[in-house]
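One chain comes next, on its own, written as structure tokens: the form predicted on its own.
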């Protein structure tokens, strides 16, 4: 397990682009006023890959901020698990988790998100969102958001959904001369848009968009 400790006021941006066959595990502690941003991209072309990512994060200082953004396209017989655990231990912390996955072929995905707000963590603001699209009949996605809130003056929310691509939108685009592969790519790029825009770096965003297009070709 990799350890990371953000001191008071420190800003840190982690980009995790590859999920290896062995698990990637991070334990991160945040002191007061620190800001942690994590971008996770599961876009590996190895159709038989199996891997997992575990992010264990604890805010130990007031006014810490945690942002976890992720997207993935799982193909072939890939099996990928993403597990997050964010604990608000002190008042006035913020966290936001937004993860989206598209699953095709016979791939299997799993997201387990744990969000804990301790009794002393008043005025915490925490959000957790997981959205998934299944692109073939044998694709599967397991999603399990979990909230444990022990403080009474907080703003917390979570949501999860798994569905299919919008066939009416796909049909509409085909009726206007857009091929089915290109139409599917456009719809899924739009699906991932709110994650991509959090990068704030156009060059990196373009590179990730190219990898998305390659995975969907």
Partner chain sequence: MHASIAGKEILKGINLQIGAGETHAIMGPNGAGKSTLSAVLTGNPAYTVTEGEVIFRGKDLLQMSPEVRAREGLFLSFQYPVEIPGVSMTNFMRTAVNAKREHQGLQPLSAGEFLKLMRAKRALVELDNKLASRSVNEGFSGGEKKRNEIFQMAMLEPCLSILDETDSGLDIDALRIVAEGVNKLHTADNATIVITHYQRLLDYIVPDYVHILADGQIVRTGGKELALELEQTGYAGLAEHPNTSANMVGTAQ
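Positions refer to the first chain, counted from 1. Everything numeric here is computed off the predicted structure, so don't read it as measured data.
There is another form of the same protein, the form predicted together with the partner chain; it is not shown, and what comes next is about it.
In summary, the region of this chain contacting the partner chain in the model of the complex, judged by heavy atoms within 4.5 Å and restricted to 156-164, 52-60, 28-36, 173-181, corresponds to 173-181.
Residue 47 falls outside the set of residues with a heavy atom inside 4.5 Å of the partner chain in the model of the complex. In the model of the complex, the partner chain sits within 4.5 Å of a heavy atom of residue 187.
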